[in-house]
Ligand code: ADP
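Below sits a lone chain in structure tokens, taken as the form predicted on its own.
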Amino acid sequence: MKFSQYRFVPELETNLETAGFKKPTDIQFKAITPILKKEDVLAIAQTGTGKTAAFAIPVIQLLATNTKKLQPGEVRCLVMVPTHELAIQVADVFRQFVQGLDIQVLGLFGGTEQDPQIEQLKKGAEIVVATPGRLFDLESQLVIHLEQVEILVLDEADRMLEFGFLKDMRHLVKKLPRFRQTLFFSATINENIKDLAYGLVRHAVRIQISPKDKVSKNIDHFVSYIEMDHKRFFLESFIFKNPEAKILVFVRTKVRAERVLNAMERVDIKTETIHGDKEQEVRTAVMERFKSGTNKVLIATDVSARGVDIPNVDFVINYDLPDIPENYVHRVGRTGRGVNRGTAISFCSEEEKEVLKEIETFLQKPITILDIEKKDYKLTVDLTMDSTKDWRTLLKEQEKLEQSLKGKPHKKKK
């Protein structure tokens, strides 16, 4: 089936054609029709399969064929996402598809000035893509009004219903009209929140794409056993062997991110970091440089693992294994997106072997081991350009990083 067979409004058809959308992916094919019928949908599909377009396209068609005059602050479609980066990305996808239509799209997220967002709300925004913090901040100021919401979308739905966001989501549902269309989209769904998810929809159409294989078939993923203190040498070697590749490196914490960055800088490898301690403006600029290829190596915490579509990532390196098994799927899914192939390699230390077992249990299959021969292992460690290999230096570096991230203590007033 082709997109032209759906008989979308002419402007949407033109925008899809301009964007190179000819045939829907599996998730798009299965989701578009029930959404157009105004049915609730609960959809689980692998990363990189086109989930954002699967709800954005039919939502725009529904709004375009049933126009309404909005009062200041009113919203017709509310899309909830867990991170700033995902809010920016999803809003951009909607904007791409509403060109030529009288439909306004607004991204609401923290870390930026409120005033421009408030001004846009006053002018009207049919579609709002929001993170919970900023949404409820503006809602408490009576700047945004949710009584007219016709469609609620939870993107990365499992994360939005986890404990950290659960209170916000329950508060949100009380503010929305009872009779609305609800759409859930995610790459994974935690068994613990399944009942909660089903409780928020009405006779939902349930869609699952490749449920037995949680990692896309376009991704070759491996694990190598590497001692914790040697990981930086293997990352250095890998980057030098792939100088033109775009490489996304995942670490567990913001301290680790800065520590790995320092280790790469010592061997003259240019890289950047992205994590929750950075201002939103800085994070956006870092992400843009990585997307454009100006910077080819990005070290990230899981803030960048959820849903963010970064074009042409050649390799994902799990420098640290994720504590939450589901996050493995989201991390490796940053490569091999769409029709592209990708490779993910995890560095597993002795201390992380239990975590690896949990990930393999979640995947319901073992991850292929990429063996490193003893002589090659020793050679990689011995030939590093890093001259600060002793443990005392590393401990001092760790203490310095922790202090810098905590910030200087305020002086007491006399």
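Each residue number is its position in the shown sequence, starting from 1. These numbers were taken from a predicted model, which means no experiment stands behind them.
The next section is about a form of this same protein that is not shown, the form predicted together with this ligand.
Peer 1: Of the residues Glu258, Glu326, Asp309, Asp158, which one places a heavy atom within 4.5 Å of this ligand in the model of the complex?
Peer 2: The residue from Glu258, Glu326, Asp309, Asp158 that makes the contact is Asp309.
Peer 1: Heavy atoms within 4.5 Å of this ligand in the model of the complex: which stretch among 369-377, 43-51, 347-355, 63-71?
Peer 2: That would be stretch 43-51.
Peer 1: Heavy atoms within 4.5 Å of this ligand in the model of the complex: does Tyr6 have any?
Peer 2: Heavy-atom contact with this ligand at 4.5 Å: absent for Tyr6.
Peer 1: If you check in the model of the complex, is Gln89 within 4.5 Å of this ligand, heavy atoms only?
Peer 2: Contact with this ligand, yes.
Peer 1: Does Arg337 reach this ligand in the model of the complex if we count a contact as any heavy atom within 4.5 Å?
Peer 2: Yes, Arg337 lies within 4.5 Å of this ligand in the model of the complex.
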